[in-house]
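This document opens with one chain alone, in structure tokens, the form predicted on its own.
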Amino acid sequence: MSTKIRRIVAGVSGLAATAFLAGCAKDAPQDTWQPKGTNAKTIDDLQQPVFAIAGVIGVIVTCAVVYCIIKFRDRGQAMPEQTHGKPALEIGMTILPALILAGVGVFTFRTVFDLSKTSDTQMVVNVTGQQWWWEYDYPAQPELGITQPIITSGQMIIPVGTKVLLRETSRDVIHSYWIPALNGKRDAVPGRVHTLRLDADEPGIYAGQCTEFCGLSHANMRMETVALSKEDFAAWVANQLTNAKSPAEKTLAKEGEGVFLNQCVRCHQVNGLKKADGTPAIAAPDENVWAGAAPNLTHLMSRNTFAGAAFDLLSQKCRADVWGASSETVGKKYLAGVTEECLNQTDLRRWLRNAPAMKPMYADPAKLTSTNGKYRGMPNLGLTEDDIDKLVAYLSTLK
């Protein structure tokens, strides 16, 4: 074998090895090869044999190509006699792939119909995408203890062993909801409602990602599904149904409540929050932000991410403790919420200081507002460091 051929073979082998090793990871929360729910296992049962067949065919074709390159390389010999090939071989090599694709198509067709089934769902969550976060609206479902609507964001909480019906839509552009461990993806389209069924076999936190390009911060539009035992889910529901409590007088958190009323309540709702005159403080995001909605912050510290799950509310050590917990303990650790010693103040303060710098809203910072004066995403509020101290203290009480 000539030096040139050896280099080509070595180069191709190196690229193949690099591509293979790039798919290996110890910590891969969005790994599609580790299904944790009924629908995800249905997808895995289809993709395993398909990938195996494709792998075998790929190896055969690669070996045939390499063999031909080496065996019949140009050595300066005369041009051999040209023929029109062997009809039997050509027909056979046409029919065989057709049969393989037909077989894959039949099983794929059946799987698609199985994944579309929603008649056996036991719970409903309305999922709304917008630039660049997900809102979860739980309508009243007394049989699950949800006696009145619950609205949250970033993390969707579901009970283990319960088939959940997601009713997906969007407030602005097309998004796509995907939790690899629990099911395939489904587009969220403005003006339409698409359904998706998912469930989790065991308690845990399952990461996902918007999979339809939706603007500048598409890569920052993440989501997480937290599966809890039925007992822990009931505890979560009970907490979510309560209103936020006002901090004690003459505390930094109470001063932060004043800053929140002055700055944040224009877009963000905190259930139970009252103005100085005792009337309820009602947010009006439709008057201030492009999409007409902003995350409800009533129980911000009961979830461990913020800004569309793009950033952690938990410090790195505490986050690893929750994510690395066993299925028996993850529920209790998650329900503990974000404690003072675990709060990731660094990122939270950076967000309050200048949100667009952390999660881009417009390519041109000079165009942070549209022609009608509404912000796209969280604006830079120009808060002082003193205001930020007060706001962090107040937000820490929202559990």
Partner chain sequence: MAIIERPVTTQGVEIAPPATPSRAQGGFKRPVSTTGWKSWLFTVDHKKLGIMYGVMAMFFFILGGLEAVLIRLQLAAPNGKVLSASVYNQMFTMHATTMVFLFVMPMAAAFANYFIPLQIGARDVAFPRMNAFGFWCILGAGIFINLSWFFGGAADGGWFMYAPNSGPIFSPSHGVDFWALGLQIAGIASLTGAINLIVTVLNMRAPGMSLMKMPVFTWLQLVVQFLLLFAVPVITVALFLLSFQRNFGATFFDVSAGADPLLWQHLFWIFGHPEVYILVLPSFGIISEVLPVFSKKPLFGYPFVVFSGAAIGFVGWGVWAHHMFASGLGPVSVAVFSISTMAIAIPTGVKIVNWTLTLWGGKLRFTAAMHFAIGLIVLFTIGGLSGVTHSVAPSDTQQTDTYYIVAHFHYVLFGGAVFGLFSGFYYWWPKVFGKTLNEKLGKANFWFMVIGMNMTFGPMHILGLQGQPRRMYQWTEARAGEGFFNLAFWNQIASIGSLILTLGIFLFIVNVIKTARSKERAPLDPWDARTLEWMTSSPPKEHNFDVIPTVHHLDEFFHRKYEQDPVTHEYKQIATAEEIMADQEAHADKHIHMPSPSYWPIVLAATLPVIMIGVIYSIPVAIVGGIFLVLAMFGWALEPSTAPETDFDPPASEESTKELSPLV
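Positions refer to the first chain, counted from 1. Here the structure is a predicted model, which is why all the values come from computation and not from measurement. C-alpha atoms forming the largest set that superposes within 1.5 Å between two forms make up the rigid core.
In what follows, reference is made to the form predicted together with its partner chain, a form of this protein that is not presented.
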The listed residue (K245, K250, K275, K86) that reaches within 4.5 Å of its partner chain in the predicted complex by any heavy atom is K86
Residue within 4.5 Å of its partner chain in the predicted complex by heavy atom, from R266, R167, K254, R319, is R319
Distance check, D31 to its partner chain in the predicted complex, heavy atom within 4.5 Å
yes
R197: heavy atom within 4.5 Å of its partner chain in the predicted complex?
no
Should T94 be classed as touching its partner chain in the predicted complex when contacts are defined as heavy atoms within 4.5 Å? yes
So, G292 and its partner chain: in the predicted complex, are they within 4.5 Å at any heavy atom pair? no
For its partner chain in the predicted complex, the stretch among 143 to 151, 234 to 242, 172 to 180, 255 to 263 with residues bearing a heavy atom within 4.5 Å is 172 to 180
Looking in the predicted complex, the residues of 44 to 79 with a heavy atom no more than 4.5 Å from its partner chain, listed in order, are L46, Q47, V50, F51, A54, I57, G58, V61, T62, A64, V65, Y67, C68, I69, F72, R73, D74, G76, Q77, A78, M79
query = Does A357 count as moved between this form and the one not shown, where moved means a C-alpha shift of 2 angstroms or more after fitting the rigid core?
reply = no
Can we say the CA of T339 moves by at least 2 Å between this form and the one not shown when the core is superposed? no
Does T62 shift between this form and the one not shown by 2 angstroms or more at the C-alpha, the core having been superposed? yes
